[in-house]
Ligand code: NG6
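Shown below, as structure tokens, is a lone chain in the form predicted alone; questions about how it binds or moves come after it.
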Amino acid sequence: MKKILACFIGFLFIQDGFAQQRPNVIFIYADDLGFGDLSCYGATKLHTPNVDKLAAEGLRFTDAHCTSATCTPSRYALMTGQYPWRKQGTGVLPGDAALIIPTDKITLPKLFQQAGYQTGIVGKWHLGIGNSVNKEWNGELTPGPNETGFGYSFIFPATADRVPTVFVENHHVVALDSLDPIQVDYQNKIGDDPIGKDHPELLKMRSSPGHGHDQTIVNGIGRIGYMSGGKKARWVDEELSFTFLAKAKQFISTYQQKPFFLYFALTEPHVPRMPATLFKGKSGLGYRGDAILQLDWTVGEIMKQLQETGLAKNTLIIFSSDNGPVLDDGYQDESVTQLNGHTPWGVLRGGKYSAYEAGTRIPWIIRWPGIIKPGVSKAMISQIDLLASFAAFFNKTLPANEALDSENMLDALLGRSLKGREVLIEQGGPLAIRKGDWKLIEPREGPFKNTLTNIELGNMHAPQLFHLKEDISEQYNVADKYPAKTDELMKLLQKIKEQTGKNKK
């Protein structure tokens, strides 16, 4: 009788929409990929067949968001379930920054560990390492990703345009020569390495003036920050993606008999865009377009491995981006001159760094064969909600006053409901609040446009109100026309700013 009852309960569990075996979860995180950069989102100048296939087999969201229009804060929110503007020091970090993720609180990978998953990160980190700026790069680097919940980590510390340009596997720099120790400084030049500012003739990709990519030269590319030593450990940009892909595939292969969570943080199409020879010139849109084709190929390679190992059916894949697009972000790589009619922002206004929709509205695709019905969802969701949503999936209660901004969006993620978030805060320069189809950008001092990137930031002296259902491109500020709605959203934004804690289930 007990055996029959157990079988019946298992049958109901499957019918309710969940696989009887816990799914593997792979979160593929692009870097600076815009809402209009993929052909499944309307791009016509670029063809991304592998991501398109993922979208055709899964659920594609049209109102999905990262929390912030730059990378470090978005990644902080993803990991912690907390809006990054609540904590100082969560802006874009230098390469020598200390760890900003708390090691004594719940994080997304810790949640998976508690559910019995093997956890791993491969790719970009950019959330700091160690307890201070001054760290011993030639010894054990801790705390870092491992202490925040990843059983395995293979990363570079910050971004590809910042030193140190090395891989870190778990707690140590890969291929470090003890006779050539690494030093890093973001204030003063160290060592004898040439810098881009003084030796532009050594650069294979010129830096754009004013961005700061004119310091230590590595692989013919000027970086932000100064570095000496570690010559054997330094990466070659053209091999970055292949290296990360190899490590991601190795992680999948190693743990294919166990449930695993892999956070695969790609570097494309972030600067410096230096794709492999296989992709150079292939897009006709300069190196940025080539990098997106490389990204698409990488996604295809992961999907191919899952198919060949028999893991595809029981693997949930989420594909998204950390913020909106940018063209000239520090290097003269033909991203502007060879745009050729491509619109990385799609129909949206703004881009990376911006409070307008293109800053945080990003591609988001989720596929779980046999469980998630393919289609398109208009539900408003945010990456900050993955923590609470997976907690609900695993039937776990989050600790009190942790992940306080994360909401359970499991039904929307699985395609069971078109109801997403009712309210969402977006962080560009100023903060913006979404409530349904209404969006308000708070007043903020500062330049309206970033002249280096040619992106509108959204700073204005007065509130900006948009009705996105009628004006998705945010061309018409209707704050004066609807003063009551403006006042309502201003008060709601202030209330959320002052919120200090709550329990989440």
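All residue numbers refer to positions in the sequence shown, first residue = 1. All of these numbers come straight from a predicted model, not from anything done at the bench.
There is also a form predicted together with the named molecule; it is not shown, and the following applies to it.
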{"query": "4.5 angstroms heavy atom contact with the named molecule in the model of the complex for I362", "finding": "no"}
{"query": "Residue contact check: V92 to the named molecule in the model of the complex, 4.5 Å heavy atom", "finding": "yes"}
{"query": "Touches the named molecule in the model of the complex: H211 (any heavy atom, 4.5 Å)", "finding": "yes"}
{"query": "Any non-hydrogen atom of D32 within 4.5 angstroms of the named molecule in the model of the complex", "finding": "yes"}
{"query": "Residues F27, K247 and L295 all lining the named molecule in the model of the complex, heavy atom within 4.5 Å", "finding": "no"}
{"query": "In the model of the complex, the residue from R434, K124, H342, R367 that sits within 4.5 Å of the named molecule by heavy atoms", "finding": "K124"}
{"query": "Contact residue in the model of the complex, chosen from F279, F260, Y353, F154 - any heavy atom within 4.5 Å of the named molecule", "finding": "Y353"}
{"query": "Segment assignment from 420 to 428, 301 to 309, 377 to 385, 264 to 272: heavy atom within 4.5 Å of the named molecule in the model of the complex", "finding": "264 to 272"}
{"query": "Those residues of 150 to 167 which, in the model of the complex, come within 4.5 Å of the named molecule by heavy atom", "finding": "T159, D161, R162"}
